[in-house]
Structures are given as C-alpha cells and as structure tokens.
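Taking the form predicted alone, here's one chain by itself in structure tokens.
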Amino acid sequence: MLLGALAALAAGCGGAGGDARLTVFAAASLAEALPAFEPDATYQLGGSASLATQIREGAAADVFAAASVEHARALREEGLVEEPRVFATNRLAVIVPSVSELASVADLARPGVKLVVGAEGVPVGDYARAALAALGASDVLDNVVSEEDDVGGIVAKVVLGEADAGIVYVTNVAPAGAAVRVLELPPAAQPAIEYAVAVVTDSDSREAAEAFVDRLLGPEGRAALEAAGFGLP
C-alpha cells in the first residue's frame, strides 16, 4: 500500500491544470506534506542527491525541495537554482516491525540484526551516521544489510519484513501505520535537519514556481508541514 502511494505521487498528483502544472522535485520524505499543500502539481519524489543529479543532467523541473540544505546550495553554486530557502525541519527515528523484540537503539548492535539506512550522500543516511557517531555507536553500522537511495526504500523494507530496523524521519512513522513502532533516539543524538526549497533557474514557469515557494513559506505551507509532523524554522 505504501509503495503504491509513493508510485502514484511520483507519477503526478490530481487536480486540474494540464500542461501548466508545476513539476516539483522533492525529497521522498515530503510525499505526504507537499501534495496536501498543493495537489495540482506533479511530484518527482526521491533522494535529494539523486534529484539534484537529475537537475544537473537537464531534467525538466520547476522547484527543488531537498531534505538537505547542502544539496540545494550546491546547485545554487552551479547556477542551476535560485537562492535556497529553509522551509522545514525534521528529526530522526528508528523504526522496527511492530512485533519486533528490539527495545532500544543499543539493541541495533546485536549480532544478526538487519539494519537498513540511507546511502552515504543521501541526507537521511548522512543524518543517521551523524546520530550514531554522536551516540558512540558507529559499530551499529556493521549490521547494515542495505543502503537505500531514499527514505521510502528504508520504510518499505521494514514494513515488508525485509529488515529488522531502519533509521528514518519521524514524519515517516505515521504514514507507515501500525506495521511499525519507534525506538526513540536521545535528544543529544539528533542532528540538525533542515529542508531547503529553491526555484530551478531554467524553469519554464518561473512566476508560478516563485509563487509556490512563497506560499510554502507562508501560513498555508507552514500549516500543511506542521500537520505532517515537520518542524518549522
């Protein structure tokens, strides 16, 4: 069910607008929030690093919404997007199947535990490594069996029982439903997670793209993000 929803969003969301629809390249963790905020856009969801690469290669996009300020800033330095603006914050969570015997983050280091994280360079993966380092628990990475290109892949593997645990964003927990439960990370281990949005320089719909960003940063966007569990800058 989760995989089907993500696929549908990647193909484009409902609403009238035809060819005038904005194309928004957005981090997979925004799969719930952005379509709720603006259903009349087409969303290409994925890992921020992968989406940035696609923009570099000339993919048609109007707006880039990344789970990492660094990816947006890198595109800005290359002249591919306008000045990025921080629009949301997030936190990490460790999810396990609801029937799991794992009770704490320390249990992730048990022999045989199958852990899934984001790949290096993927924001959720980099954040996870930073959190484990802050806990002095980088040895947990010895139990990694898969490194995913976006957070949706991590959630799917845990939901489908292909992994014993995954490190995701707290905003991924509610959409996963009763299939998972959360192992809390200590506050001191939480990295600073900021999302950035920018208009793509070569957008054919610059005025509409700028309006999207302005609305996202305004009361309407902030309400939609808060409802999806994001923090506000």
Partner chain sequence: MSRRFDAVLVAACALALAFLALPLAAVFLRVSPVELFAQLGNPAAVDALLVSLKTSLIASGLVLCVGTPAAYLLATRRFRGRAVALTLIELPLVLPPAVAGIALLAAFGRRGLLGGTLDALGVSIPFTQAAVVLAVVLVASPFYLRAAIAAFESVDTGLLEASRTLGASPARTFRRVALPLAAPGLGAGATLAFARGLGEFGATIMFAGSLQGRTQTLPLMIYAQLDRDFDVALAVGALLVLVSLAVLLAVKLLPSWTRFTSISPSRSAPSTSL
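Positions refer to the first chain, counted from 1. For clarity, every value in this text was computed on a predicted model and none was experimentally measured.
From this point on, the text means the form predicted in complex with the partner chain, which you will not see here.
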The unique member of 85, 114, 91, 73 whose heavy atoms fall within 4.5 Å of the partner chain in the predicted complex
114
Quick one: is residue 130 in contact with the partner chain in the predicted complex, heavy atoms, 4.5 Å cut-off?
no
Might residue 149 be said to contact the partner chain in the predicted complex, defining contact as any heavy atom within 4.5 Å?
yes
Examine residue 95 and determine whether its closest non-hydrogen atom to the partner chain in the predicted complex is within 4.5 angstroms.
no
Is there a heavy atom of residue 201 no more than 4.5 Å from a heavy atom of the partner chain in the predicted complex?
no
Please determine whether each residue of 101, 104 and 139 possesses a non-hydrogen atom within 4.5 angstroms of the partner chain in the predicted complex.
no
Which of 34 to 42, 193 to 201, 166 to 174, 49 to 57 sits within 4.5 Å of the partner chain in the predicted complex, heavy atom basis
49 to 57
Taking heavy atoms and a 4.5 Å limit, what residues of 130 to 161 are near the partner chain in the predicted complex?
144, 145, 146, 147, 148, 149, 157, 159, 160, 161
